[in-house]
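Shown below, as structure tokens, is a lone chain in the form predicted on its own; questions about how it binds or moves come after it.
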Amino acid sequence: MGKLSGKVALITGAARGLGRAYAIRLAQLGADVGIIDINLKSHLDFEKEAIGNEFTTVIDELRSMGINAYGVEADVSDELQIGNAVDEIAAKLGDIDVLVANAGGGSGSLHENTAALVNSEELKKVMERNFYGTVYTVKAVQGNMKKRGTGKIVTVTSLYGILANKEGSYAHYSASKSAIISYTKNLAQELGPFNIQVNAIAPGYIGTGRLLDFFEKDGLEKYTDQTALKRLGTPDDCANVIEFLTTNMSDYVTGTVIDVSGGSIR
């Protein structure tokens, strides 16, 4: 029996990258897994995100592990779509016990969108994808968790939500991720009386299949030198924290942000 046997976990943005690592880890712990992604085959867009020729999507990969898995394509920035997707997954797998609201992303170069000159359209797009998407997903699952008096919610912020770039760039992304931190802390206070723990993970420079090429082309040492551990993080480094936050090991932990950046400074 795994730590999450008999539980249902929902992960957004899990077709590839960190979300996929989270889904696999929770499946290894015994959970049945639901996935929401805007494109369940997005792993095909990046050579280093390959999941094996025997699998069409991560759903097939998860089912090969002997657990029930179900996926829905939906845009988390659309409240109606995300609500319908959550309902569909719950109908297939059962009540959702664990949510990892992972879907999101930035736009543009890391050296663009300075705070005073942020592009309004890109700001809107990134806020909808990251902050609104997190809020909409939480809203879709919290009611049933409150009724049952149990649940684990993990939101995903970023090192960029904690620290500023010295030139004030990528401010649209940083602002959206900072908003998630504030939302998470308020949500923990609201849902605590219902025995629902709410925490956030803040990844730093993580070597996913998509980002490895970027780090290498931009100069790997530029990023590793900013960390105390002098290396990029791995998806498993982040999945270890997700395991802690979604199991009984964190039953008295709520309203926190766990920095998974190898001791990064900027």
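Here the structure is a predicted model, which is why all the values come from computation and not from measurement. We number the residues from 1 along the sequence you see.
FYI, the form predicted in complex with a small molecule isn't displayed, but the following is about it.
> Heavy atom within 4.5 Å of the small molecule in the predicted complex: which of 239, 38, 29, 59 fits that? Just give me the one.
Going through each option in turn, the one that passes is 38.
> Any idea which of 103-111, 138-146, 85-93, 116-124 reaches within 4.5 Å of the small molecule in the predicted complex, heavy atoms considered?
The contacting stretch here is 103-111.
> I'd like to check something about residue 75: if you look in the predicted complex, is any of its heavy atoms closer than or equal to 4.5 Å to a heavy atom of the small molecule?
Contact with the small molecule, yes.
> Find out whether any non-hydrogen atom of residue 177 is located within 4.5 angstroms of the small molecule in the predicted complex, and reply yes or no.
Taking the distances in the predicted complex, the answer for residue 177 is yes, it comes within 4.5 Å of the small molecule.
> Is there a heavy atom of residue 205 lying 4.5 Å or less from a heavy atom of the small molecule in the predicted complex?
Close contact exists here: in the predicted complex, residue 205 approaches the small molecule to within 4.5 Å, heavy atoms only.
> Hey, in the predicted complex, is residue 16 touching the small molecule, heavy atoms inside 4.5 Å?
The answer is yes: residue 16 has a heavy atom within 4.5 Å of the small molecule.
> Hey, with the small molecule in the predicted complex, do 129, 157 and 210 all fall inside the 4.5 Å heavy atom range?
Contact check passed for all of 129, 157 and 210.
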